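Next up is one chain by itself, shown in structure tokens, the form predicted on its own.
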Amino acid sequence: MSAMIELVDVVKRYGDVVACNRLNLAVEQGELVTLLGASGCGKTTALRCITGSLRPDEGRIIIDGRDVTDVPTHKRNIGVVFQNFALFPHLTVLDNVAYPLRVRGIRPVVRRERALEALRLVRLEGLGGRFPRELSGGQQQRVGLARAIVYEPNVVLFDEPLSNLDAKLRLEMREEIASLKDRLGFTSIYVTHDQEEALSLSDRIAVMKDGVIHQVGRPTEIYAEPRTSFVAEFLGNPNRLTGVCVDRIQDQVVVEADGQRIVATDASGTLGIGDRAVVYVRPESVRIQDGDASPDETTLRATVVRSAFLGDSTEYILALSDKVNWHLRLDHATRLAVGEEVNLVAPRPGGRAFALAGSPVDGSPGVALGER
């Protein structure tokens, strides 16, 4: 089966800055793929190349088997949901939704019927006569979503659509988007810097940095098996330990730092004894020792530095050394005092280890060798 959307060696430059650097991505029919990364990573530039508002300097954009690199936006049969809603303030909700049909020359009676149906799909029946200023932010974003699907496009693109909404509305709109995609079966590329959005909505995630896609995979794969130190650190707010590889058994290594050791999977596949390495450990895989550790676990000594009440849990900051702090969330049944010494228990392997390229042992994380 051929992909519905393809980026083939896409390059986009702004002067000397390469915003997209040889992007290759295929999105299958009915799939939602998220471009995830921090501001300035190139994800929005990539999306604009797909919409046609930007032309790539090199490479091709293919939609439904057709090369649309030089095709204007209005002829690409794509819907776009924008961050800032982009509604016409002088038009009613119904006329905003019907506008894409109007520019396509659809008869007024058909425009009205299809716009009313789109409003019904996003649960805004009865609000067609209002103006955008009379709606809440969440309702305005639903209007934007209805407008994007009213002409039944094969592809719907989302440009950080929830970033202007509060937390409760973001959750509601995530559910709305997922429900509509399942019902209508459109193919999507979704741009966001929000990890939770990406993990909850996506069939696959493409993690970007500096115009490069570092890894593409299912949310569970990206989270559990990051291939570069950037992906490991970007997702999930992991704990990290930077030290030296002192032993190796098959695909696992032992990394030592300040007299403490942890067993980890060698994600880069390049670590040898004596190499500098950084290990990323998910906080949820660590526990407080309340008995003897099993042979399949590693014990680390730590001192409680501070705590923060988070409602359903308490987050503790624990010092493994003068330079290394880890964080751990515990339910309220476990209470630790500042200054208390505890043992942290991590499984074997307890995380993923990456070789450091050109960084001091206690410096910033490098890129996994051979990955970039």
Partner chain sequence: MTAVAVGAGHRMRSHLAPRVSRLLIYTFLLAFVLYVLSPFLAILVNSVAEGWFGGRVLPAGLTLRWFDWAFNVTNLPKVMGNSFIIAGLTIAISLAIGLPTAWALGRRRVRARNMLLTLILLPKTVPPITFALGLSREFYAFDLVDTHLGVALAHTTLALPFVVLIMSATFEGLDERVLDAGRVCGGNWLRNLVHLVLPMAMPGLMAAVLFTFVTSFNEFTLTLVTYGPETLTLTVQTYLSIGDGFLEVASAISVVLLVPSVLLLILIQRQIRPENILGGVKGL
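Positions refer to the first chain, counted from 1. It should be emphasised that the depicted structure is a prediction, and the values quoted were computed from it without experimental measurement.
Keep in mind that the form predicted in complex with the partner chain is not shown, yet the notes after this line are about it.
In the predicted complex, the partner chain sits beyond 4.5 Å of every heavy atom of residue 123. Using a 4.5 angstroms limit between non-hydrogen atoms, residue 168 is distant from the partner chain in the predicted complex. In the predicted complex, the partner chain sits within 4.5 Å of a heavy atom of residue 53. At a distance threshold of 4.5 angstroms between non-hydrogen atoms, residue 86 is in contact with the partner chain in the predicted complex. Interface residue among 186, 223, 151, 234, judged by heavy atoms within 4.5 Å of the partner chain in the predicted complex: 151. Between the partner chain and the residues 286, 80, 180, 94, the one pair within 4.5 Å by heavy atoms in the predicted complex involves 80. Residues placing heavy atoms within 4.5 Å of the partner chain in the predicted complex fall in a single listed stretch, namely 86 to 94, out of 209 to 217, 189 to 197, 262 to 270, 86 to 94. Proximity to the partner chain in the predicted complex holds for all of 48, 132 and 135, with the criterion being a heavy atom within 4.5 Å.
Contacts to the partner chain in the predicted complex (heavy atom within 4.5 Å) from stretch 98 to 126: 99, 100, 102, 103, 104.
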